[in-house]
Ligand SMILES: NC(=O)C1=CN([C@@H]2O[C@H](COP(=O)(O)OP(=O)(O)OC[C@H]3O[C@@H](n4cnc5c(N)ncnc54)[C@H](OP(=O)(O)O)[C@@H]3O)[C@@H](O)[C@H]2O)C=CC1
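A single chain comes next, written as structure tokens; it is the form predicted on its own.
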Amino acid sequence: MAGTGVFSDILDGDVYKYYADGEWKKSSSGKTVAIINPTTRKTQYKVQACTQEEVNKVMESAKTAQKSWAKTPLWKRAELLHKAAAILKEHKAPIAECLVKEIAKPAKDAITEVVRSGDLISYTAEEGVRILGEGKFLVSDSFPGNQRTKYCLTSKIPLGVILAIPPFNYPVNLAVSKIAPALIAGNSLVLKPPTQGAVSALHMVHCFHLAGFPKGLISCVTGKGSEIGDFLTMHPGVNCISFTGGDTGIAISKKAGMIPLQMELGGKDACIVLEDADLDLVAANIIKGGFSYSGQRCTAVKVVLVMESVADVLVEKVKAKVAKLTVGAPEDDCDITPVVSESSANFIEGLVKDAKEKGATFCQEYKRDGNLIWPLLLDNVRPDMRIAWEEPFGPVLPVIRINSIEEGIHHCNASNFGLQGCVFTKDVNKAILISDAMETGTVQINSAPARGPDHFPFQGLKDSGIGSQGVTNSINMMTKIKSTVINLPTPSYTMG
């Protein structure tokens, strides 16, 4: 059970502690932040509301710990990461329980997230040993006008203190996708988990604690964004920010200063369907891509752009599959569970009402009970409807009928987002041409968008973010090149 057994240290009464200097602590503020269960809409957990002074202390500890961690042998860093991964997977049940209760993730998906996170940590440890164990040797006479009088040795060194801010929908997996690369590269890490998902993240951090990482190297501060959000992202002690979320990331990027940024800020992932597509395959991927975890994924299918000639058939196939989706509590492993908050549900409802007023065809009756919204397919959506452009982050999917490939590409590229997209066709030449024309970080051919496997590059264009994720890219982003140049008195090839 959450907060018991090996996790009993992280709980004080009914309030979870924050993590600093290798210890679980209560905030001096005496205040807490409530975490609302999306299903019951009642307070499920409470976490500490940390102060700015506590953030200052965490940053100082992180800076000190990083100096010695950078001198720790690479194999030792990897060894500790493997140990943390094993502990995380061993205790997947209580962590998954938190995911079910604070973000309404279906039980089986919650277990999968924790296991996937352990695998990601181990893979990062292995990849880091290979990447960071190699450098470059350059000689000067390859550039015009130079003799071989200089030898340049380059290696990768850590940036310093990494600030990691994951989102609510994958609070464990997207946290470790930042933590593991930072640590293997020799950095220290400060984690600011999302409010919804904070307790899952605290349990995950305790697994790193149990693995025996040095004090101060990993910290986890909880609290109100209004009090410590800007203070963290603008803190002079931060050397890099890795953020996954929404519009907040744009504000962070404008305030952060001259440090590396890794940001993934959402998407309006388009699914372009051509006449020759396998419509059964398309329908299955629309259900998987559009409705898994109630559509609360950055890489969810957010708009279907289907050729008019096959639209009727495709819509009927998708409607039949939507009818089979189970709706209810995450504990029951339902396909569609409550969205994360009442404000999120209200926003989704606003998009639905706008579509109804403007004449969209409702393939199902719109139904809502609290935060639970039944899956809804909207046909005959037009570009003047908000749902055509805005990201609902819920189980509502618009279908726009198109009369040409160019029309589909135009709609995709007119979006301010550019995370992923997908195209369904049996013609590989058309698939490649469309992929090249789509202004997105990734294009999936004959499959729904997806972030993983976690070692694949993952990046967005435009308002979808800056920088690239994926194990290798994250390690490289969280390091910088250090060069040492040996100057010889005479060209090296004059001897002998």
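One rule holds for the numbers: they count along the sequence shown, beginning at 1. Not measured: the values here are computed from a predicted model.
A second form of this protein, the form predicted together with the named molecule, is not displayed here; the remarks below concern that form.
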item	value
The named molecule contact at residue 252 in the predicted complex, heavy atom, 4.5 Å	yes
Partner proximity in the predicted complex: residue 224 to the named molecule, non-hydrogen atom cutoff 4.5 Å	yes
Exercise: residue 158 in contact with the named molecule in the predicted complex, heavy atom 4.5 Å	no
Any non-hydrogen atom of residue 264 within 4.5 angstroms of the named molecule in the predicted complex	yes
In the predicted complex, the residue from 242, 371, 169, 187 that sits within 4.5 Å of the named molecule by heavy atoms	169
Contact residue in the predicted complex, chosen from 128, 375, 330, 193 - any heavy atom within 4.5 Å of the named molecule	193
In the predicted complex, segment of 270-278, 387-395, 137-145, 80-88 with a heavy atom within 4.5 Å of the named molecule	387-395
Residues within stretch 407-423 having a non-hydrogen atom within 4.5 Å of the named molecule in the predicted complex	419
